[in-house]
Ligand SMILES: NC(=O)c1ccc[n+]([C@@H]2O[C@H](COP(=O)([O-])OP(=O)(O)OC[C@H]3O[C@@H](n4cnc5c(N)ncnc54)[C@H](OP(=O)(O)O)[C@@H]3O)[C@@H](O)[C@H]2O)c1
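First comes one chain, alone, set out as C-alpha cells in the form predicted alone.
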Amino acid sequence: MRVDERRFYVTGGGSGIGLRLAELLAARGAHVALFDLRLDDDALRRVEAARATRERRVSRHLADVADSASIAQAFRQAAEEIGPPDLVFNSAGISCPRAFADLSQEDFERVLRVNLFGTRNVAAAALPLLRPGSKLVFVASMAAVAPGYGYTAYGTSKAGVLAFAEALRSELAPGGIDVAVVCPPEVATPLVAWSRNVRPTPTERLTRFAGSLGVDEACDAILAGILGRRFLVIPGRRAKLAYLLSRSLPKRVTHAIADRIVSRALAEPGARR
C-alpha cells in the first residue's frame, strides 16, 4: 500500500504506538486523523511537525472506542475533514494485570469493553467509509497467542481481537478490503510503564520471555508489516520465536515452561502475586 497522499485513521493516537505510528505516516506523506479519549496539544504538534509537507492534513478527534456512537461520529467527522480512510489502525486499548482472584468483575468487563468491543465498534464505524483497496488493522498482543498469569482479562480480550480479525478478513476479502492484526510483545509505552509498577511478578517474568521493544523499533516493524499483505504482524525476533514455539510445541511443554517461570517468580523475595 502506498502512503503518500493516502488517508490514515489512528485510534489510540494520543500516545504510545498510535502516536508514533501517526508520526511515521505523516512523515511519509499521509493525511492522518487521530482519535483518543484525550488528545493534548503536544500529540497534535508532534504529528504536524512530522508532516512531509504543509499540505498534508492532520485532524484531531476526541472519541471513546468503547462507545459505538462516539467513535462512529468521530469517524464521520474525520471523513468530512480529510476524506474517507485508506487504512484504519486501531491501537486503542487498556490493561489490568492482576491475578483473577484479585480482579473485580467491573475491571474484567472494562478491559473487554475497551479492547474487544472497542475493536468491534471501530470496525463498525469504519465499514461504511471503506472502499476496495482499503485496509483495517487491529492491535492485539502476544497475550492473544500465549496468555498467562495475570492476563485473564487482557489475554481474553486480545485473543478475541485476533479471532474477530480472522473472521472479518474472510468476510471483507471478496469486496477487496484487507484486514490485518498486529501481535506485538511488550512495547515501551506509557501503558507498559504503568503496568510494570503494578503487575504480579510472574506476569513480569513471563512477559520478558517474549522480549521487549522500544516504541521506534516496534513501530518501524509494524508499519512495514501493515503496508504489506501479511495478515499477522509480529514485531521482534524473540516475539516471533515465542509465537512459533507456542504453535509448534505441545501444550504440556509450553505449560511446563510457563509453570516453571511462575514458580520461580513467586519464590522471589517481595514477589507481587
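Numbers for residues come from their place in the sequence shown, where the first is 1. Given the structure is predicted, the values throughout are model-derived calculations rather than measurements.
The discussion below concerns the form predicted together with this ligand, not included here.
### Message
So if I measure heavy atom distances to this ligand in the predicted complex, which of the stretches 46 to 54, 240 to 248, 29 to 37, 224 to 232 falls within 4.5 Å?
### Response
Residues of 29 to 37 come within 4.5 Å of the partner.
### Message
Checking a candidate spot here: are P85, S134 and A165 all in contact with this ligand in the predicted complex (at least one heavy atom each within 4.5 Å)?
### Response
No, none of P85, S134 and A165 comes within 4.5 Å of this ligand in the predicted complex.
### Query
Does this ligand come within 4.5 Å of any heavy atom of T189 in the predicted complex?
Contact with this ligand, yes.
### Query
At the 4.5 Å heavy atom threshold, is P202 in contact with this ligand in the predicted complex?
P202: no, not in contact with this ligand in the predicted complex.
#### Entry: this ligand contact in the predicted complex: V181, any heavy atom under 4.5 Å
Flag for V181 set to no.
### Query
Contact between A123 and this ligand in the predicted complex at 4.5 Å, heavy atoms?
No, no contact at 4.5 Å.
### Query
Taking this ligand in the predicted complex, which residues along 48 to 73 bring a heavy atom to within 4.5 Å of it?
Stretch hits, in order: A63, D64, V65, A66.
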